[in-house]
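Next up: just one chain, as structure tokens, the form predicted alone.
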């Protein structure tokens, strides 16, 4: 939940009087003492307040970007919102990345597609409040009423007298005024937006293409050594002994030692640190490292064992029932057609292009970290608790991140770098190898579903049962392995049962882009397609009919949100919005109107994920030898009333779809003897450019509040592709990845 704090008049005047020559505006932060609040910049007439906006007499407006940037465009998008309400020209805006500072900022993180819904209104108010103060200053300067004034592109205008005054002439006077309460400021009518809704290039684009250091992997501090960290191949295994003397004798190696760790998968694990003058020397020395490990109980676990256990559990009563509406048994007995199917999907790695890394410097009881993290506050807390360093003695600098996708919500690499630097007594840059990254991830958990569905003589779905076998113990799911009792199509089928059984797991799992949804959409939308085929119905119309059948009598169960998923309430599933994107998609894709050659088919799917409604059609061609080529993808999304940056929004949707296709085609992590088999991109393939289809993106604008975009376009791509394969070949895909399926046809 986001909380807000306003700047009181006394604090505002205290800071601006010291700074001079500018105007400060802050939102949801606490004012610091002047010595803490102001940073020496050395440039005449500039000051650095503890807020979001810095305006200077030269006409430049510096806007602070508080959230981590990992390719989702938030470093551009949030300042766009502020700048538009402030009513300045974007060409005069400069963006600065904020470090972690929980005294100034709330929700300083990246994940869950939350940046837009969390910050849309607060960031608008930040800009609008500054604009209001400039207007008030102009009213005093011109001797007119505030309501007679308008603003445009950094200028306050008085139409009646045909006079105007630039913002740059109002800074000193505005700084003496009392800031308005943020919840009282007048916001622009969206029709007046000049920056919001325009195509704005990413603020780091030029730096990225010219190789300017921005990323964690680029950080260098004086006197640092490069570190590699060898952990047990079996997750949470512990070091028993290692040939440290031999490693210390290798070229360029300065230190080698054992780092004691615990068994908590999200924390500091046991391993061997090697520090050298360059990373390559440290990595070469690691190749000679010989470690005796205590592998622990996880060494008994395997993917084949999980699959066998799931098959066994399907023959037994479930561990618990999350939902049981109606009488499924009776409905199946009286059904016109019954469909049974078993689905599975594998563990998947995040495969961020920038491997995990962190630079740490520990001196005089204080720790400084440079980290590409999605959760900097969580990382600081983990380091503090693990190393017994007070949080106020830890500084975290946010670097740009070369991909996150949820991986960097876990901060194991941060605590590793901090522990190594503290033990070594020198600054350390820890950089994982690609093999480290693939074999020590927090994977998207695999899962197993046994479905029974039934349709009546009219083709209506009357029964649905899913026995979901996933991971966890007792009443607790493993991270990202859970399912909600409200998961669609709950509430839309009168006889609906959702059973769950759990398998204990020693493999680390976590949040992969569109967590939960990226797997559940595959099985739910694929099985819906099976029911449509059994009913003899068009798959897209079948979904529209299903969305029109919402039950108002299904009970709310323990553990289910009090607000029904079918209603229009914020955060809940609104069937009318799902129907809306499907209807637009039908027209844009030419669904049912195109004659396709043999071996080519179109598949459809939709999903509600992270407040976004997306429907997608995939056209794919399957050769008789079983090779899959994705020809084109059509995407229609509803993320509310405003597309803040259409250029970035399209890129996000396209990237999410391509991610989903890559996952479907060939990605899996197989566990054997408690360790990951796949180690690099040769066995965990990313999508090649030749495999990337054109992706047509359309946003269906509605009256709902704007929501995020990093996740919701991914889930439908997976089942839409699988359903297209069925349309092309008649072969139903019930297990992933496709590289392990026999898709040959005649």
Partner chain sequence: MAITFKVNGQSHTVDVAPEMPLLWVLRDVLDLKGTKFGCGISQCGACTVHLNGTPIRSCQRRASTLNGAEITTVEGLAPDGSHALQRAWEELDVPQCGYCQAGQLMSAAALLARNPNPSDEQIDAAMNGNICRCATYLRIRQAIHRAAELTASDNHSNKSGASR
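Positions refer to the first chain, counted from 1. This structure is a prediction, so every number in the text was calculated from the model and none was measured.
There is also a form predicted together with the partner chain; it is not shown, and the following applies to it.
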Residue stretch of 532 to 540, 130 to 138, 198 to 206, 182 to 190 approaching the partner chain in the predicted complex, non-hydrogen atom distance within 4.5 Å: 198 to 206
Partner proximity in the predicted complex: residue 405 to the partner chain, non-hydrogen atom cutoff 4.5 Å: yes
is_contact(residue 55, the partner chain) in the predicted complex, heavy atom dist at most 4.5 Å: no
Any non-hydrogen atom of residue 650 within 4.5 angstroms of the partner chain in the predicted complex: yes
Exercise: residue 218 in contact with the partner chain in the predicted complex, heavy atom 4.5 Å: yes
Heavy atom within 4.5 Å of the partner chain in the predicted complex - the one residue of 268, 462, 170, 658 that qualifies: 658
Contacting member of 431, 322, 455, 622, with respect to the partner chain in the predicted complex [4.5 Å, heavy atom]: 431
Those residues of 326 to 364 which, in the predicted complex, come within 4.5 Å of the partner chain by heavy atom: 350, 351, 352, 353, 354, 355
